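Below, in structure tokens: the form predicted on its own, a single chain.
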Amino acid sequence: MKLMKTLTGMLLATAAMAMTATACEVTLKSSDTHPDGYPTVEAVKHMGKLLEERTNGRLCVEVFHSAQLGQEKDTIEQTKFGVIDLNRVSMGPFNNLVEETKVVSLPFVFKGVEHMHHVMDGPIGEEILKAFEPHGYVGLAFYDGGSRSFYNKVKPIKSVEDMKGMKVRVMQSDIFVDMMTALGANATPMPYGEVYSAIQTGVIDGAENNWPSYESSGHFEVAGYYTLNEHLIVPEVLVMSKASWDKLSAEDQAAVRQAAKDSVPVMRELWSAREKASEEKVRAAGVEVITDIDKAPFMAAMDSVYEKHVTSDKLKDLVARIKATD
């Protein structure tokens, strides 16, 4: 009798799973390198719920977190060909593909998080989203990536001089590499998932990232100095494969775009709470947080980065318009 009940339960569970799987006409596969529960992951889940409700189950989203589908460089390529439908990606890996993304990846281009929101929620943000389409992607929305700062296992960084010769992991982006070179450090591009062991084994001295990433990755366990220089406030982007997009009706395309936009406030609320929680956890763990730092020399060192990467009239105009945005 017990065996029969167990088998019946298994059959019912299998049937329920099958019904759930077939409930949606289209299930969009979404990738994220961050762990489950991370604000960007939860924001895309929220977008999926909105889509399912608004399309009466025609469209669903299945989120693959924790780099289950690969690191960002790999998933960007898969997204272009429609193997992955949606992708939450850092801006850096797009810098060499979508020229306009270089501008928002520049160090100290934003005055603060609120300024970044004003820029990305307005016409400049829409212009940058549209710039993805000729390259095989549909830009849907911008998420927060926080303020990025330096951390390492060697010593407190209090000045540009402290950066000299330090081996620092960066995203696979020319801007990030040149930023480190301008500070006298040795840039080491590598996938995000390899950073922990690289710091632990001394392949690199440190990296740079925001509070939640520094905490959730466990990097604070092996790199105990965190300097709040906030050199970058880079928004992250949610894109859709143009190949997948073109398969949708105009009505469903509009639903996808609106659901993505509506997920942004949810993401920001989650992000703000997560930043505070991550900072508290890191400080409680005994990490030395350096806050007494003069940012001016760091900013001055970036002149060469701007000269090298802001070369076209289009990019110069974008930078000027960002600076002029209140």
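Because the structure is a prediction, the values reported are computed rather than measured. One rule holds for the numbers: they count along the sequence shown, beginning at 1.
The same protein also has a form predicted in complex with a small molecule, omitted here; what follows describes it.
- In the model of the complex, the small molecule sits within 4.5 Å of a heavy atom belonging to residue 192.
- Residue contact with the small molecule in the model of the complex: residue 209 places a heavy atom within 4.5 Å of it.
- By the criterion of a heavy atom within 4.5 Å, residue 274 is excluded from the residues contacting the small molecule in the model of the complex.
- In the model of the complex, the small molecule sits beyond 4.5 Å of every heavy atom of residue 263.
- Proximity to the small molecule in the model of the complex, defined as a heavy atom within 4.5 Å, singles out one entry of 171, 141, 256, 104, which is 171.
- Of the candidates 244, 213, 149, 75, 213 is the one whose heavy atoms come within 4.5 Å of the small molecule in the model of the complex; the others do not.
- Residue heavy atoms within 4.5 Å of the small molecule in the model of the complex occur in exactly one stretch of 84 to 92, 132 to 140, 110 to 118, 222 to 230, and that stretch is 84 to 92.
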